[in-house]
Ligand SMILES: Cc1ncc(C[n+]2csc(CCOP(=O)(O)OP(=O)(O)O)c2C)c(N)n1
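Shown below, as structure tokens, is a lone chain in the form predicted alone; questions about how it binds or moves come after it.
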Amino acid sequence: MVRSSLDAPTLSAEHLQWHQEAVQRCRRAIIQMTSLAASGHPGGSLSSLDLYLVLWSCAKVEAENPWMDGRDRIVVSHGHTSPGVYSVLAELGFIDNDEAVSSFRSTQNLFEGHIEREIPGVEWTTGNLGQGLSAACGMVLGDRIHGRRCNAFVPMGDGEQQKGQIAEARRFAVKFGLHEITAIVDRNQLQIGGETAEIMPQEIAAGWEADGWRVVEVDGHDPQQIFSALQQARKDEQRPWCIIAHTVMGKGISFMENKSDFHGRALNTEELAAAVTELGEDAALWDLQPLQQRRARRPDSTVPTLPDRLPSLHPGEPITYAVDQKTDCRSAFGQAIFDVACASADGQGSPPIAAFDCDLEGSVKLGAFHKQYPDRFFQAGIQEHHTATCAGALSTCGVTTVFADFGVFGVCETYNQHRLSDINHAHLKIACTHLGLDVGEDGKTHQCIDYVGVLRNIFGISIYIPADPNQTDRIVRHALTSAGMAFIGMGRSKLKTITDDAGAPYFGGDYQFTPGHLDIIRSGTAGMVVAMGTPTAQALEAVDALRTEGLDIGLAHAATPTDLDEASIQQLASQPFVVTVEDHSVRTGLGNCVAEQLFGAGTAIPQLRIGVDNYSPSGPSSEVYRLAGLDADSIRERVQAFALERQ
């Protein structure tokens, strides 16, 4: 193994000799991996191989300390070239070659078909094309926030350039002066379906240049040209670079070269034999039997555990909004994030918190945070896909990160980005306002009525839906100071303060938010209404009216609809019936969650679901709620009728 540095004037003769020998060994590993697994992407791995060898052998990365602070970040965006990545990492001592080859694409799971962040030397799990550049932006911002500089190199495919998120990330990088980023496009001119020029014609260089990047073109199989371009890009303090590397699909094995068929197909038995002969190596080096036996034995992995870094934040002092202080949950969110940032600021007055906005700062109430901490606020424009990924990547860098948006954009439009952040063990806090029918006059196109149903599919996310500004305040403080991804869902309208039996703020004062706990706002024995989020005030008005009429009905609020604790489920199971109320599709929201959890506890009780059963027209929220049956009078009538049916 030979290492160099981008500070060197050129690659030495010794390095070039090692490079040529390493290429041969890596080609063998790529073909062995994909042949053993009988699947994979050998063609692109071979075309990117020279790029990978130069990058990992010259960048500021260390096999002995792969997650060191201040390292360069190599973010491979076309993650299907994992055989090429793993072969180079093994060559440079990051991983064991036999382990990578023998367990590739098996349920041993570490060396998966697309690169995984758990592997030392891999910075981001990719494969959903178009997201690597966005992730690199987040990582560079992370090091800046910590007072460090890192260089980020983003290898990507040429077919991948068809993804719109890349253009979003290009503009973001230029706006925020992320000159530390160098993109490297593997221009082999082929993708799964054939030639990129036929699948989707585009002027790749012109696109990058139009967005303000410096573009150069090199021979992607000439290590000296690759090194020189990387070196020049690293020295440019004015703008980021895009290196277009002209390569050959399947490079090094003649019958694979320039054949799109090998983009995603392993060699068959005859082709494997032909490759062995052509590469001219000792046939013993290609004996797959020991590797097959190891694959069958499934030995324990030698890969170390990925470290997880979390900042230490102070939650600050909770705010209690008075009964006569009518405000909206989004304003309480904005105040809470500002408070936590101020309480957590270091000696220089800067907290390890960042917030991203997509041209909605006034609506999502990030103004105070932006004004106080302008270097922690990132206005990304109407570029939700990039913003979600960038924020997710930043959240893995020891920076508590908030992505604030309207629900229809922050949930419905960016689900795939959030899913990938979860796979990458992110700690992103997604704060979405204007949920449900409470979006009001904006109408059907902006009615995010499926946020619980969508997000509950992400395994590592906690879903928090507060009932009023007081609970919002406490939920935000909890979410910002806790590990893992979190979603905080809020409506648009100003809300009444939820009160206890004595008329005091239920969620104010000494109230402690406890995830999974069902908050019993009114106790009753005749049945239980369980509300979620914005309609809770309407449900409270309806329940109080029914109680004055003699129906001893209770009211609870479920801020964590997908994860009620056992005690809460037993409380519901003891009731004669349950009515759920939500500004959400009745098919996948609170009602569905409650029914599922009751059934799981072995309980079947009558249930009425009040919620959204269709899109609604635009209009003031109060009118839309009345039309949809989510106003207090409609809730009272339906609960009363349901109770009478049970008698």
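Note that the coordinates shown come from a computational prediction; the quantities given were computed from them, not determined experimentally. Note that residue numbering begins at 1 and tracks the sequence as displayed.
Another form exists, predicted together with the named molecule; not displayed. Remarks below refer to it.
Trainee: Using 4.5 Å between non-hydrogen atoms, is I382 touching the named molecule in the predicted bound form?
Mentor: I382: no contact with the named molecule in the predicted bound form.
Trainee: Tell me, yes or no, whether M249 is in contact with the named molecule in the predicted bound form, where a contact means a heavy atom of each within 4.5 Å.
Mentor: Output for M249 is yes: heavy atoms within 4.5 Å of the named molecule.
Trainee: With heavy atoms only and a cut-off of 4.5 Å, decide whether D158 touches the named molecule in the predicted bound form.
Mentor: Looking in the predicted bound form, residue contacts with the named molecule include D158, since a heavy atom lies within 4.5 Å.
Trainee: So in the predicted bound form, does N128 come within 4.5 Å of the named molecule, heavy atom to heavy atom?
Mentor: Looking in the predicted bound form, residue contacts with the named molecule include N128, since a heavy atom lies within 4.5 Å.
Trainee: From the list H263, H427, R474, K365, which entry has a heavy atom within 4.5 Å of the named molecule in the predicted bound form?
Mentor: Here the answer is residue option H263.
Trainee: With the named molecule left out of view, which of I449, L190, I184, I488 would have a heavy atom within 4.5 Å of it in the predicted bound form?
Mentor: Looking at the other structure, the residue within range turns out to be L190.
Trainee: Tell me the stretch among 427 to 435, 497 to 505, 227 to 235, 128 to 136 that has any heavy atom within 4.5 angstroms of the named molecule in the predicted bound form.
Mentor: Of the options, only 128 to 136 has residues within 4.5 Å of the partner.
Trainee: Need the contact residues for 57 to 80: heavy atom within 4.5 Å of the named molecule in the predicted bound form, sequence order, or none if there are none.
Mentor: The stretch 57 to 80, when checked against the named molecule in the predicted bound form, contributes only H80 at the 4.5 Å heavy-atom cut-off.
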